[in-house]
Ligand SMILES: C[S@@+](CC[C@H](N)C(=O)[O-])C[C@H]1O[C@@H](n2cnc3c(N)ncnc32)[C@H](O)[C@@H]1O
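Presented as structure tokens, the chain that follows is alone, the form predicted alone.
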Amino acid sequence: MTAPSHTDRARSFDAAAAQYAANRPSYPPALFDAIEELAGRPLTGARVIDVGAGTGIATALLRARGADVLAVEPGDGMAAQFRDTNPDIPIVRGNGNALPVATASADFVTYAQAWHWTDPAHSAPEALRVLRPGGALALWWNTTPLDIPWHAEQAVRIERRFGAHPAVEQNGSGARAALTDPTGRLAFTACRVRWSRRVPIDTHLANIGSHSIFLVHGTEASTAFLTEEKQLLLTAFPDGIIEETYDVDLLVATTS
């Protein structure tokens, strides 16, 4: 099988938008505390452009924090799910490489699990264009820590079948992409926040199955793997409940 392209993987989420919304992890309050601390300003009352908003998991949390949020999302399926889930939050179609937003109109530009789908040669200057003086660009990813034994074992099984684990794959890669800032104007400060959630095994499997590396390999291959994985997890977690652990890798850069 030909390796799926970056574009194929980016587009794969539209067909799985409902699965994504129902099963993907959220983000802890400590993440938003860290964003405010590193940005040196509160989210409450701030104008935020949340790019690659997907189904709105992060967007809704930014809104709950008191921000005035506009979502930007390129995908048809994801945007439709966003509107169903967050009917009171405005959303426009577009992507980070060419933001459909006025110059100097935002206090924050945020990317939750999305910066790696952009081309920083375009998305970095676009973020700088949209931000007001003193504004902040915040990028973050839920990543899977490999110091948790069962996570590490599962990552090996996934890599053997499909390639790098979808959440492990982001470990460091998003940061490296951001830190190779083509503008030379983004001095990022990094922070890591660990958190966890307890979920049924089926929720965990639906979560990992909503990642692009599974979606692009097709239903048959993904279902076969996830069926095998369920039996292994039930042996390790006979009560059917898993504690998923995440490290949120956060990067924040402020403008002058």
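Sequential numbering from 1, following the sequence displayed. Quick caveat: nothing in here was measured; it's all calculated off a predicted structure.
Here the subject shifts to the form predicted in complex with the ligand, a form of this protein not shown in this document.
For the options L131, A114, I158, L186, the one in contact with the ligand in the model of the complex, meaning a heavy atom within 4.5 Å, is A114. Residues within 4.5 angstroms of the ligand in the model of the complex, judged by any non-hydrogen atom, belong to 72 to 80 and to none of the other stretches in 150 to 158, 100 to 108, 131 to 139, 72 to 80. For the three marked residues, P145, W195 and A236, no heavy atom of any sits within 4.5 Å of the ligand in the model of the complex. The ligand is not shown here, but in the model of the complex it comes within 4.5 Å of a heavy atom of Y27. In the model of the complex, the ligand stays beyond 4.5 Å of every heavy atom belonging to P120.
Contact annotation for Y20: at least one heavy atom lies within 4.5 Å of the ligand in the model of the complex.
None of the heavy atoms of L38 is located within 4.5 Å of the ligand in the model of the complex. Taking the ligand as it sits in the model of the complex, the stretch 49 to 88 comes within 4.5 angstroms of it through a non-hydrogen atom at V51, G52, A53, G54, I57, A58, E73, P74, G75, M78.
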